[in-house]
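In structure tokens, the next block holds one chain alone, the form predicted on its own.
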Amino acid sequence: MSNCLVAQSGGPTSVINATIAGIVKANQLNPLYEHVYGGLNGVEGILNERFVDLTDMSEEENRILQQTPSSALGSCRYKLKRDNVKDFEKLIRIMEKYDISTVFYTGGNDSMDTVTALSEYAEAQGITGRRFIGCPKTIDNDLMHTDHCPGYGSAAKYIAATTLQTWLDLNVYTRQEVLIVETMGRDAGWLAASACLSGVVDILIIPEAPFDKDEFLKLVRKFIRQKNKCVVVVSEGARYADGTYISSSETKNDGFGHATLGGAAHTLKEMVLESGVSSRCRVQDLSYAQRCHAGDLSLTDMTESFRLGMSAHMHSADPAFTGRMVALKRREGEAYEVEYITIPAGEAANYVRNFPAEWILPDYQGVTEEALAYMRPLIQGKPDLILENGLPAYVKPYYMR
């Protein structure tokens, strides 16, 4: 019996570890592998043979792992480049050394590219018995060919709840004020759009709807005149029609050549104050909290992440199953249900699934009811969290042990 390895890459989510827990639990119930190894810090750690044995994880640890946010195995921004053959050769040698037949790689667009690249290399070299399987995650919800991504539902729940709660705080005073909430979302507006679940968003600015400064200030002025308040939600990747980011702090240093953004809300604040549209304006930058807050997880999200891991393990029983990603497909009908399907990982790699244009209301007025109906099932329920001294219990990250 061979071994398998699970690893995580890219930005964390609050339910990413539930997928790992699902793979481990599935192997305990149906042992396809003698050992389930965890690769620390993604492909970067694998290349350095940094492993931990997860095979005999206790039921309690598995349950706590499911509710632990961020990447318990550690993550990386290491780009596995196809022309760097030495990395591919080394990784295959390491798999042979530890008798690892299957690598489960959990991540977003670039991680699915890693799965694709490794599968293509093995096939081109005639290497058998070494397989690579993708498990999707991203709070950005921008992976193609899956109804949604594990991690998005909990982030959406946090964003909508925080927007609503901050709005309540905003309204305790009679004074004039603008609130600007900034979410993540470099290329797609799924996260910012989820704030509309709160029912209090006046202006929504996302990458898919080009930003117009004059139109924005006109709308802020309208809401201030009508109710003395205005709630604006903006994606970090919001941009002008020519593609220039609103953010004033654009850089190119995330390891994959993607712009690392932040500051869109502060740029809008400066516009509001300099124009005199409002005398007061505050910013609520959700920053890392939206992807690591786990005090109020979506039960739907955590459960689907766990079951996706179990599904990936089940599919790996097929010795020909490689280079594919497990995806979620929403079933038709009034009741919300999903099934776990598979697609070639390459169909998700390096593509961006934008927020649908038909779901965007004109003049930055939010999203359609169809969009809200899509999002609502994803934020439902709350897990019965295990607590320690009043706080949610978390596993100690494996890379810290």
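Treat the numbers as computed from the prediction; the structure is a model and nothing was measured. Numbers for residues come from their place in the sequence shown, where the first is 1.
We do not show the form predicted together with another copy of the chain, though everything after this point is about it.
The candidate spot formed by 114, 145 and 353 is out of contact with another copy of the chain in the predicted bound form: none of the three has a heavy atom within 4.5 Å. Proximity of residue 66 to another copy of the chain in the predicted bound form: non-hydrogen atoms within 4.5 Å are absent; the residue sits far from the partner. Taking non-hydrogen atoms only, residue 128 never approaches another copy of the chain to within 4.5 angstroms in the predicted bound form. Another copy of the chain in the predicted bound form comes within 4.5 Å of no heavy atom belonging to residue 323. The closest non-hydrogen atom of residue 96 lies beyond 4.5 Å of another copy of the chain in the predicted bound form.
Out of the listed residues 181, 310, 292, 224, 292 is the one that sits within 4.5 Å of another copy of the chain in the predicted bound form by at least one heavy atom. Of the residues given (76, 272, 91, 122), 76 alone sits with a heavy atom within 4.5 Å of another copy of the chain in the predicted bound form. Stretch-level contact analysis of 327-335, 311-319, 235-243, 157-165 against another copy of the chain in the predicted bound form, using heavy atoms and a 4.5 Å limit, identifies 157-165. Looking at 272-286, the residues that come within 4.5 Å of another copy of the chain in the predicted bound form, counting any heavy atom, are 282, 283, 284, 285, 286.
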